[in-house]
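Listed next as structure tokens is one chain, alone, in the form predicted on its own.
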């Protein structure tokens, strides 16, 4: 003969208490680590901006209207060195997040891929220096910039996003 209290109620009560304890422990851990994670992300983002516009001392997020859809954020260098553009475009494997620095003279200082899910060996070539470095020193004409053979579905949107960065650059310059 089974005892309902021992067979059903006690195990349910024990599991409920374990779940409450684990939930409280996770909430406490999240509360303590959230500020550290946010600060680490801020430092990483600031470093990414400095990597593409090294002449800048610091950056201010600029609110502009009429930006191309691919331009998600615009940062102005506080010392007037230029602008940094955060871009999101669709590649073959999904969204590609890019960052592009354009100096005060309207020339690209550097472009980087922050995240992508392109096909390994083809679309991922957009992350390589051989592709990215061809943008350095280019103006809005992007004269001489070429797509990657066999990876045009990845490299064309990348190039078009950089063109959109120049459109945003002109909007930002006009807003000064």
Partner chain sequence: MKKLGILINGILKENPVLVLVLGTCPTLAISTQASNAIGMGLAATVVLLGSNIAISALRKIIPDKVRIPCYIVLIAGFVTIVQMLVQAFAPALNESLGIYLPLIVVNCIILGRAEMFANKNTVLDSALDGIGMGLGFTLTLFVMASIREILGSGTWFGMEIPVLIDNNISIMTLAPGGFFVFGCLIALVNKISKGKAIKKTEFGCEGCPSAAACGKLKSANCGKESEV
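What you are looking at is a predicted structure, and each value in this text was computed from that prediction instead of being measured. By rigid core we mean the largest C-alpha set that fits within 1.5 Å across both forms. Residue numbers count along the first chain shown, from 1.
Only in words, not in the display: the form predicted in complex with the partner chain, which the text now covers.
Proximity of residue 163 to the partner chain in the predicted complex: non-hydrogen atoms within 4.5 Å are absent; the residue sits far from the partner.
Residue contact check for residue 37: one or more of its heavy atoms lie within 4.5 Å of the partner chain in the predicted complex.
Heavy atoms of residue 112 never reach within 4.5 Å of the partner chain in the predicted complex, leaving it off the interface. None of the heavy atoms of residue 61 is located within 4.5 Å of the partner chain in the predicted complex. Partner proximity in the predicted complex, defined as non-hydrogen atoms within 4.5 angstroms of the partner chain, places exactly one of 65 to 73, 141 to 149, 45 to 53, 27 to 35 at the interface: 27 to 35. Within 4.5 angstroms of the partner chain in the predicted complex, the stretch 3 to 24 places a non-hydrogen atom from each of 7, 10, 11, 14, 15, 18, 19, 22, taken in sequence order. Residue 10: CA moves 2 Å or more between the shown form and the other one after rigid-core fitting.
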